[in-house]
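Below, in structure tokens: the form predicted alone, a single chain.
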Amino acid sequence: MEAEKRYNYHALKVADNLCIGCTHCMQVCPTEAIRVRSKLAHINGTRCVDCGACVKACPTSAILIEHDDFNHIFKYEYRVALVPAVFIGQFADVYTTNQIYSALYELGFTNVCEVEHSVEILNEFAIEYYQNYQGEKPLISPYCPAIVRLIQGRFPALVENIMQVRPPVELSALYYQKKLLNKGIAPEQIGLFYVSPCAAKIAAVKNPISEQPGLFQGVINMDFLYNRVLRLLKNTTKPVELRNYKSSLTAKGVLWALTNGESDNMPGRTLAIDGIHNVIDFLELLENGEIHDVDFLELRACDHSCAGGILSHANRFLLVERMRKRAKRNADIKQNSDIRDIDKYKEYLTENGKTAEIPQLPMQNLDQDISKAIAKLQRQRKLMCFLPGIDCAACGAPTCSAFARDVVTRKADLSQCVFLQRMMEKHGKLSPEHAFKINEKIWGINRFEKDCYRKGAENENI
């Protein structure tokens, strides 16, 4: 239970003043983590993986993503922006990488580093890990924290297949921290700030997946920073003063965050799967023993991987095109070791490249006691005999199966099913007035009254 409590931080929060209890978020959640109660969506922290599907589905922008106040960076004398390559890809081709970096400096950062600078070193370390691995394959990339959290909770038997290697952002943070410390700068003067393309990575920064202490002093919403930078770049009255910046990100580094970025650079038979529902389908096949002879899996929660992150402003197809163009321009950088300062820290990063063991966090246990869990599962299956099986969500749960699970775990009552209400009324076990009050408890008072001002109604915009 202590482990579950430790990993129960989530970046996704529901704004009660904006939520209308419409069920859009509940119906797209891949882990069935959302319920509607008292006209509001509620997120179950033990099931949520911060994938952000709910954010995209919400019609009122009621699901917010927590991140640090940008002004927090000014608490530190040395302010390092760790930006993903997809951040550079947000900007149209009219803006150069030099201009974007310069704007970041103008906003207040003293140092800027793209997190994929460590990819060349990471790739060598990952291949060595793969070659020395004695367990049953496939090995699974730890790159996407939403997928790691999904495996921890829904597929705990596969946790041991997750590679114990740090993701690029952590290696790059270690590099820049060590670089500044070697210059004699005190640790308390250094602020490392990750610019995150998604909620899952914000949650991972705030609550690291492994037991190692956190490296970062803050995390910044990528969409927020994009808009700040774009305003500076568009300011014609006060143009951004260009810095003398020379890119040292390799083509491999540019493409690493995209689908196939890892799998194309690992040995053996590799597969890259993006989209969390696709990942779940594949992991179910793998868990059931229907997938064979695969050595490495690159699994990403978002379509087109980080290009499709929920904090990405740009159209993901255009973003991928820009990044592929940049990769071609950077094709010869690997040989230019004079501008790859990170290579001097290869031994240090390799020594610190392994993570602690990743724990299992079962999110679907019906009970801690196995015998009680089996009994509850049998009762859940029995309840399904009486439920309509049409997944209408009128009970406040996304599916009939989820509702049955809620009932056996005492988080819901059978009378919340509108179909069973009609049966109870027919047999005189429930009055229409009581049934109506039950539905009001789920959907809110006056929810069933005429309202021409609600979303989609004739007076919506008046």
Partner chain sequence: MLIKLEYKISGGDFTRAGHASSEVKKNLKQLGVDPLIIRRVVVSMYEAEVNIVAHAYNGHIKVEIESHRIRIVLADKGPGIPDIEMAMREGYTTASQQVREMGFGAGMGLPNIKKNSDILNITSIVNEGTTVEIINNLQ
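Quick caveat: nothing in here was measured; it's all calculated off a predicted structure. Residue numbers count along the first chain shown, from 1.
Same protein, other form: the form predicted together with the partner chain, not shown, and the subject of what follows.
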| Do Pro156 and the partner chain come within 4.5 Å of each other in the predicted bound form, heavy atoms counted? | yes
| said: Is Asn207 near the partner chain? Define near as a heavy atom within 4.5 Å, in the predicted bound form. | reply: no
| message | How about Ala356 - does it come within 4.5 Å of the partner chain in the predicted bound form, if we only consider non-hydrogen atoms? | response | no
| Any non-hydrogen atom of Thr236 within 4.5 angstroms of the partner chain in the predicted bound form | no
| Though the partner chain is not shown, can you say which of Glu347, Glu136, Asp332, Glu188 has a heavy atom within 4.5 Å of it in the predicted bound form? | Glu136
| said: Only one of Ile127, Leu377, Leu107, Met384 gets a heavy atom within 4.5 Å of the partner chain in the predicted bound form. Which one? | reply: Leu377
| query | Out of 118-126, 281-289, 226-234, 72-80, where are the residues with a heavy atom within 4.5 Å of the partner chain in the predicted bound form? | reply | 281-289
